[in-house]
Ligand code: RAM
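Next up is one chain by itself, shown in structure tokens, the form predicted on its own.
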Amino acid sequence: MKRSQFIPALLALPFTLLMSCEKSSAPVGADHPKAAKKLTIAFLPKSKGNSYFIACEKGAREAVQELGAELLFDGPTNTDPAKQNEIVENWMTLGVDVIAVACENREGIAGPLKRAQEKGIKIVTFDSDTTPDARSFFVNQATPQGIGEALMDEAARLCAEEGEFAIITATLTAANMNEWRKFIEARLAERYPKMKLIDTKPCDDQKDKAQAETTNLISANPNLKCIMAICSPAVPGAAEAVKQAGKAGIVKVVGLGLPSENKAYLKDGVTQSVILWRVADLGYLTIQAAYAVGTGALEVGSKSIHAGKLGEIQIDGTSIILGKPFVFTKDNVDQFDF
């Protein structure tokens, strides 16, 4: 090449490089900016064998496929806060980009999550929160007040606003369920003076243990009118106990659970109401939020997030709220497949 030809070509090089850089940083769609590399999002349920979290995982995998991210899914076999902490520590060593976790122990997991933040890993919680300084956002299925009041109102309706009832929870340390119980008890005191909460029993997220605890409650409390089961495995567990005791329709069953796990009991009149939300959508929204945080598209102070097929989702402070609880009954349960 002659010198006269070389100089113009050299002068044009910065312009060519600039155009190339501008092209590579262009946004992908209207939802999120393109990540500099493929994001790795680690998804940690309370227990990976729980049907509720299997449904969450289904929604999460749909979202990562849409976004072009990589998903790591792991969790304790049964509810185990120490195992959750161990998994977080392992993911820190791997150097994942974002951790999305349903926290079994609110305070207990805060330390590992804070250490992960110090390493540059973004933290999003879902289903059950940690302390606010240990994460960026909490993806909430509904407000704790909305869930607690919906459960209490439904139990009161079934019991004609009077009589004894008991609660079956997952564990006594489950942060989200303790919040729900707080609002259940507040609603009870405010609205239903003729109803009495006689006991709260943990089932460790196990159907068999929920059945055993319900059987004991029925035997020890002849005036028991309702079991309120507030974790997914507890609802069919309580229903089976009521069925085996020959108390269907006498001891009402209401709770938070999957329609697929409770359809037969609803149809048979053993369980009267199941309250929940679209669980796969919770997993989907969690990954949408995790990806947005990981790419820098979502920052504290944002008022909403565009979450793919879910559209615009509102943010209250640092809580991204999926929506209001839904009541499944024998009349509508066939409309749902999760």
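Just so it is clear, the structure is predicted and the values come from calculations on it, not from any experiment. Numbering starts at 1 and follows the sequence shown.
One more form of this protein should be noted, the form predicted in complex with the ligand, which is absent from this view; the next part is about it.
Task: Candidate from Thr130, Thr214, Gln141, Asn262 lying within 4.5 Å of the ligand in the predicted bound form - any heavy atom - done: Answer to the contact question: Gln141.
Task: the ligand: the contacting residue among Ile230, Ile184, Val251, Val98 in the predicted bound form [heavy atom, 4.5 Å] - done: None of the other options qualify; the answer is Ile230.
Task: Heavy atom of each of Ala156, Phe326 and Phe328 within 4.5 Å of the ligand in the predicted bound form - done: No, none of the three is in contact.
Open item on the list: Is Gln84 near the ligand? Define near as a heavy atom within 4.5 Å, in the predicted bound form.
Closed with: Because no heavy atom of Gln84 falls inside 4.5 Å of the ligand in the predicted bound form, the answer is no.
Task: 4.5 Å heavy atom contact, Met177 to the ligand in the predicted bound form - done: Judged by the heavy-atom cut-off of 4.5 Å, Met177 is in contact with the ligand in the predicted bound form.
TODO: Report whether the minimum heavy atom distance between Asn50 and the ligand in the predicted bound form is within 4.5 Å.
DONE: It does: once the ligand is placed as it appears in the predicted bound form, Asn50 has a heavy atom within 4.5 Å of it.
- [ ] Using the partner position in the predicted bound form, report whether Leu256 sits within 4.5 Å of the ligand, counting heavy atoms only.
- [x] Yes, Leu256 lies within 4.5 Å of the ligand in the predicted bound form.
Task: Contact segment among 290 to 298, 308 to 316, 266 to 274, 42 to 50, judged by heavy atoms lying within 4.5 Å of the ligand in the predicted bound form - done: Of the options, only 42 to 50 has residues within 4.5 Å of the partner.
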